[in-house]
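Form predicted on its own, single chain, as structure tokens, below.
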Amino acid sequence: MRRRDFIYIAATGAAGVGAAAALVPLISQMSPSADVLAEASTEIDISAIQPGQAIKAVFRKQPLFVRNLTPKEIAEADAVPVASLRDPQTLEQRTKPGKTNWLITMGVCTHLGCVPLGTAEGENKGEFGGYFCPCHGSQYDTAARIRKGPAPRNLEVPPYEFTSDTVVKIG
């Protein structure tokens, strides 16, 4: 090995270390900050939600609807022919296996982003008993599927999992 070869190897090694030292801060600054990570998921205690009741929560600065469906509401949702729906989905596709009574959706109308009514006591739930968007009249059934009005899609179901029988983690 010649002396010149050693100098080439040492210079290349030093350049590689320098490049890595310059790239580490650049790449690490692209990671999300602590406040963004804190909003990436949320946990909701669902133990106080009675059958037939819905609550409104916040997930990623948007409204989130959590509804405990009654057996009657589940039967009504299952009785609807899926082929007749604008955005065909069954209730089973919108809920977790074994937890069909828990419907968790984003509370944002898919037409122009208004917040539908139907979670609070006495609010207009529309003809189908689910949600009613007061902005342009979109109506959703008990499974939060679009049934009438200008909205093109069902209310979005966010990713979620049950961490226990009384706690659900969204996101």
Partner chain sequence: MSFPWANEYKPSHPTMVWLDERLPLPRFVYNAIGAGYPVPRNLNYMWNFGVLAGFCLVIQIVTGIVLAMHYAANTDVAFASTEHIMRDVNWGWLLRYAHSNGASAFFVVVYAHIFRGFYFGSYKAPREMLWLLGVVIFLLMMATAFMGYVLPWGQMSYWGAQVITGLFSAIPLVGNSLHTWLLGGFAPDQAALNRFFSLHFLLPFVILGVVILHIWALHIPGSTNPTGVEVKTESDTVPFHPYYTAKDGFGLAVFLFLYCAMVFFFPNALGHPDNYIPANPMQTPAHIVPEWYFWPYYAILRAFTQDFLFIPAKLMGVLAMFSSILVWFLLPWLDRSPVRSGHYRPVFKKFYWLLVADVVVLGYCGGSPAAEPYVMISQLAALYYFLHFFVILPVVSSLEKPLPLPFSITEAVLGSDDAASLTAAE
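Note that this is a predicted model, so its numbers are computed, not measured. Numbering follows the first chain given and starts at 1.
Just so you know, the form predicted together with the partner chain exists too; it's not on screen, but the next bit is about it.
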item: Thr110: touches the partner chain in the predicted bound form, heavy atom cutoff 4.5 angstroms; value: yes
item: Residue contact check: Cys135 to the partner chain in the predicted bound form, 4.5 Å heavy atom; value: yes
item: Residue contact check: Pro51 to the partner chain in the predicted bound form, 4.5 Å heavy atom; value: no
item: Exercise: Gly16 in contact with the partner chain in the predicted bound form, heavy atom 4.5 Å; value: no
item: Heavy atom contacts to the partner chain in the predicted bound form at 4.5 Å, residues of 47 to 71 in sequence order; value: Lys56, Ala57, Val58, Lys61, Gln62, Pro63
item: Closer or farther in the predicted bound form, the Cα atoms of Glu156 and Ser31, when the shift from this form is 3 Å or more; value: closer
